[in-house]
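Shown here is one chain on its own, the form predicted alone, set out as C-alpha cells.
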C-alpha cells in the first residue's frame, strides 16, 4: 500500500500536487474540477491590485493631476470593492464546495494593500495565503539590501495582521540567493520556487516588444530542482516547487530534491485536469516499485544533504558534465 498524503504549511493534503494559480483556479466550478482530479490543494488565481487600479483608470475620464470628480471617486471605490468582493466570494464558495485546502494568492503595490487583502482573505475562510511578490531588481540605483528589505517589510506587515500560514512565491534574481532564502524561510511558513515573469520578445518586423509566451517547459525545472536541493537542508518550513513540472516523473524528481509539494499550471492548459490524476497514479506506482509507503520515506533523499554527489547541484560549466562528473 502507498499513501501519497502529505502536509504543507500545517495543512493536510491528500496529494502533494497543488493546482497552481491559473485560469483553472479562477472559479468555484473549476476548483471543484481540480479537487475531483485529485489535487491536494489549490492556489486561487492571483488577485492583482495593479489590475484593479488599471480597471479603475480605464473608467475615469478626468484623470489629469489626480483631479477626479466625486462621481469618478465613487466609481473607483465601487470598482475596487466589487473586484475584491468577487475574490472573497470565490474563496468562500471554493472552501464550501471543493473539500480541499484553499490558498489565496495576492499581489499588491503597497504594504497597506497587502495587509488589507490579507485581513479580508482570512475572514473569508482561506486556509493560507501565498504572497505573489515579484520585485525585479532592475533599478541600477537600488542595491540588493534595499530590495531584500522590501520583501521582509511586506512579509512582516502581513504576518503581524493575520494568523494565516504565509507562503512566499519568489523569483531567483537575488544576490546571495541561499542566504536570503534562508532568511525568508525564518519569517514565513513556505517558499514557492520560482515565480515566472512576463517574458519579452522583440518582433523585428514591427519593431515592438511582445509577449514571449507564458507556458513553462520541462527543461526549466532544472533550475527549480537545483535550488530546492541546495536549500532543503537549510531552510525552515516548507518548499513548493513550481515551473516545468509536466508529468509524474517531474513530481518525483522535485520531491526527491526536497520539495514538500509541487504546483502545476502549464500542464493543466495542455492536458487538462486529468493530468493531475495521471501524476498521482505515476507517483503511487513509482512508490510501490521502490517500496516506499509514505512520501516522507523518500522526500529530500537527493537533496544537498542526502545526494551521493551534492556538488552536482553547484556545477555550472558544461565541461564538468562532459568530463564525466555529471554521470
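Predicted model, so just to flag it, every value in this text is computed and none were measured. Positions refer to the first chain, counted from 1.
We do not show the form predicted in complex with a small molecule, though everything after this point is about it.
If you check the small molecule in the predicted bound form, you find a heavy atom from every one of 22, 244 and 264 within 4.5 Å. Under a 4.5 angstroms non-hydrogen atom cutoff, the small molecule in the predicted bound form has residue 215 among its neighbouring residues. Looking at residue 46, you'd find a heavy atom of it within 4.5 angstroms of the small molecule in the predicted bound form.
Interface membership of residue 269, defined by any non-hydrogen atom within 4.5 Å of the small molecule in the predicted bound form, is confirmed. Although the partner is absent here, residue 132 is a contact residue: one of its heavy atoms lies within 4.5 angstroms of the small molecule in the predicted bound form. With the small molecule left out of view, the stretch that reaches within 4.5 Å of it through heavy atoms in the predicted bound form is, among 135 to 143, 244 to 252, 119 to 127, 154 to 162, 244 to 252.
Site annotation in the predicted bound form: the residue of 95, 196, 226, 232 reaching within 4.5 Å of the small molecule with a heavy atom is 196.
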